[in-house]
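First structure 1, then structure 2: two forms of the same chain, each alone, as structure tokens.
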Structure 1
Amino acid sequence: MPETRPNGTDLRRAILDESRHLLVADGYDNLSMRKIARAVGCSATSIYLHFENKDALIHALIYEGMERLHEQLVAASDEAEPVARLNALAHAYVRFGLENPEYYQVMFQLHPQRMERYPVENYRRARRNLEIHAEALADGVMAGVFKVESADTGAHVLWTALHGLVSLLLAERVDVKVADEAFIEGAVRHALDGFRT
């Protein structure tokens, strides 16, 4: 049974949520167990009962974000036709990033110099998010609608384009005269057109 705080909320959940907020607001170097404990309303010792150290806590946030992204990608991969499926996957990725900016920043934009290496088993699990794109590309090659030398490389190329799109939108670096929806649609279409035969 999850440990609860006096107000009845799940302590582990509260630790993760507050850590995510603080990490994005203050950065890795300024995040401490003491600061998290103050924000949550518990002792630093209580946090260590759930997470071995700060890096284990951040790894848990990355893992959680990757799982949430995977759920959205799986939900978007119903289309049998490869072009429609890859389009749905690309839009699902962008939507996840824009709707979950804190998770996105922790997952893909955190640049700590001294953080422990992300566990190999978690990294392999996170790779499913690229593999689902690679599978759509490979199916498209088989159907004669996509041309790529390597579906895995193609998935990375697509991810690079989508990541750039999400990062610019989250940083509000896109000219305000450019409508978000039109920009997203055009960027996704352009990225996918690069694979078309």
Structure 2
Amino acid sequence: MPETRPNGTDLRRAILDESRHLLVADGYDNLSMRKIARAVGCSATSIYLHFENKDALIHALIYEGMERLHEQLVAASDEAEPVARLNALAHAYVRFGLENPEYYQVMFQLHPQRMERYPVENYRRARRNLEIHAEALADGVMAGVFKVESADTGAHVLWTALHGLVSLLLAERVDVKVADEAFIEGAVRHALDGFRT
């Protein structure tokens, strides 16, 4: 019985996992219910027992992605000192994006019209990740090392910079004569410097 899926294993779990793998391997546009089913080893119909439709599956994937990102951000924010913490957070965000390119696409690059039915819960998860940055900023303001109008706005501003960095790197649009590592380092520093007092 370990032949296919181990008996009693959560099929929903398996579907999500395989979807993620296929996403990374083939990209969002090549993710089809049939392919997922084939990879999981169940029928396409069975997927519908666990997810209302493809959108719902994608949303679940996004949810998971947000969770993962959250975990990595939390892991990166053990530093007490606000400057070091924000720096760690920023790098963790960028690293997550570069290491999970297709995830990143689904989470942040899918277009709004597709997201009509985007579930509230996902919005919440997304905000939570922003708030981690906002907290670091706020702490820094209190400690006198950062200066921002509002922590929330500041977090968004930081996000736009980091998101732009990840997006262009993933799209292979950056062909600067500088090693990727160094470029990332520089861009992140640039994004953070603006907050320093």
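As the structure is a computational prediction, the values presented were derived from the model and not from experiment. By convention here, residues take numbers in order along the sequence of structure 1, the first being 1. The term rigid core refers to the most C-alpha atoms you can superpose between the two forms while keeping them within 1.5 Å.
Comparing the two isolated chains, structure 2 is the one taken from the form predicted in complex with the DNA; structure 1 is not.
Remark: with the core as the superposition reference, the CA shift of residue 49 between the two structures stays below 2 Å. Fitting the two forms on the rigid core leaves the C-alpha of residue 24 displaced by at least 2 angstroms between the two structures. Superposing the two forms on their core, we find that the Cα atom of residue 15 is displaced by 3.0 Å between the two structures.
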